[in-house]
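Take a look at this single chain in structure tokens; it is the form predicted alone.
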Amino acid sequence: MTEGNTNKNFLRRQSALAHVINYGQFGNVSLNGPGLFICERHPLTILQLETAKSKNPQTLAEISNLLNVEFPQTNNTCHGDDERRSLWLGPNRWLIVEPERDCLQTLIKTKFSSSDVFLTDLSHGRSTVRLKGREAREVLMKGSGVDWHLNSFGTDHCVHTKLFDLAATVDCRDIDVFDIYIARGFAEDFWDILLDSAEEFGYQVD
């Protein structure tokens, strides 16, 4: 999956995985089709936002109105869709993710004081892999001790964990759809391990 970039003034960022991605079906694909579908989401704007604790409620409400996205207040939860999504990272700290378009960081900075809002652009430092399909949770179970059962980790939940011994943030987009954020420098290693783990279920790279 390739996200659109509608601003011609942007130089398109290079994917860390472009040279290793092979499209098609692989592994033990059954008559029912692949158990997993895997793709890279690229390019994305990934922005970490922190607010000053003393001004958090008012500032956050104003940013929420500006961006038309709700910022979750409950630990390890998310809000939004593929157009714009926010993930809880910790107290007064969130991740904002959207397809790369206009400069989201500039938009926020023009409206809010730097003493109220602290922004860190992680777009160049992260790679995002989408894992979906009926066997997605089985693959996640191979890589982490998190309870991935639907009753414990459902839609609009996220977790920061080690996945296949690599630090990752996992966002449950739907019952069997997960976005995985990994440090760009480890993206190729993660991709190789993920495909090895998916092979027994059969998988398709889109």
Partner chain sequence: MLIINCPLCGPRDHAEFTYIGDATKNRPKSDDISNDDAWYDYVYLRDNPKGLHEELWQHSFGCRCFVKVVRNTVTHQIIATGMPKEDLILDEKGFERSV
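Numbering follows the first chain given and starts at 1. Keep in mind that what you see is a predicted model, and the values were worked out from it rather than measured.
This next part talks about the form predicted together with its partner chain, which is not shown.
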**Complete:** Residue within 4.5 Å of its partner chain in the predicted bound form by heavy atom, from 134, 111, 101, 93, is 93
**Message:** Considering non-hydrogen atoms and a 4.5 Å limit, does its partner chain approach residue 129 in the predicted bound form?
**Reply:** no
**Item:** 4.5 Å heavy atom contact, residue 66 and its partner chain in the predicted bound form
**Value:** no
**Request:** Would you check, heavy atoms only and a 4.5 Å threshold, whether residue 165 touches its partner chain in the predicted bound form?
**Result:** yes
**Asked** Any chance residue 157 has a heavy atom within 4.5 Å of its partner chain in the predicted bound form?
**Response** no
**Complete:** Assert contact_stretch over 143-151, 58-66, 173-181, 30-38 against its partner chain in the predicted bound form, heavy atom within 4.5 Å, equals 143-151
**Asked** Taking heavy atoms and a 4.5 Å limit, what residues of 66-89 are near its partner chain in the predicted bound form?
**Response** 75, 76, 88, 89
